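The form predicted on its own is given below as one chain in structure tokens.
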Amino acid sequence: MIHLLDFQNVVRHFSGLVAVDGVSFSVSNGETLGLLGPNGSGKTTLLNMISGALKPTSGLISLNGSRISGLSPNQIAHRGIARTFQLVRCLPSLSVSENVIAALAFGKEKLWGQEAKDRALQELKFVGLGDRANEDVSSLTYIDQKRLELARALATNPDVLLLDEWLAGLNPVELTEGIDLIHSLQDTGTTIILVEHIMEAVRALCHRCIVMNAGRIIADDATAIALENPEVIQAYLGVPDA
């Protein structure tokens, strides 16, 4: 069986530090996978290897049955991987819509002109920014900057969307709005890998969770089962509190 995304014994070293240690798992089409673990467990390193920001020291990452590990970030983006970042990265000299048009112009579809403007507006409407397309990015609140970054990622029409703590830093009302927006993405059949520390969001959104600690997978199961795993509780809370 060919999975949408497949990891086979992936390792990543930083000099003498093993950040990811022999990780293997698969992601199915339409799945929302939670990627969890305490700080320093290897989650973001894993995302960076999927998106091409880092190359594995060894092992294989494949998308739709074809190897992507070792390719450049732009090559991987053109194959169907998009991501957001822990720190929002909007293009400050461009308007809200121009930020999305830039992704369309350099994405796998390479859209220009009116077609790109129409598509950008479509993505901005989806994330709730349709009426702010012509505004400067500087006018956006924090959650609206996150919405813009999400619209820009979706404009590339990805097979897999990587959300790296996309819900972090939101107040309770914004968090509810963010969860609802990701639910809307799920309804479109988008495959999502969600790195997140907010357990309310993980329980609401993730069909399955992989939990990492010290670069290795310590749990891979349905969300409720994974979060009750004693080794997971110990990794988050420490032995005395667990």
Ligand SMILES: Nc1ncnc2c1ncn2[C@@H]1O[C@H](COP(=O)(O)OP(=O)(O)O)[C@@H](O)[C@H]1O
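From 1 onward, residues are counted along the sequence shown. Please read these numbers as outputs of a predicted model, since none were measured by experiment.
Keep in mind that the form predicted in complex with the ligand is missing from the display, and what follows is about it.
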| query | finding |
| --- | --- |
| In the predicted bound form, the one of 70, 65, 30, 40 near the ligand [non-hydrogen atom within 4.5 angstroms] | 40 |
| Sole residue of 51, 186, 44, 26 within 4.5 Å of the ligand in the predicted bound form, by heavy atom | 44 |
| Which of 176-184, 203-211, 32-40, 56-64 lines the interface with the ligand in the predicted bound form (heavy atom within 4.5 Å) | 32-40 |
| Proximity of residue 19 to the ligand in the predicted bound form, heavy atoms at 4.5 Å | yes |
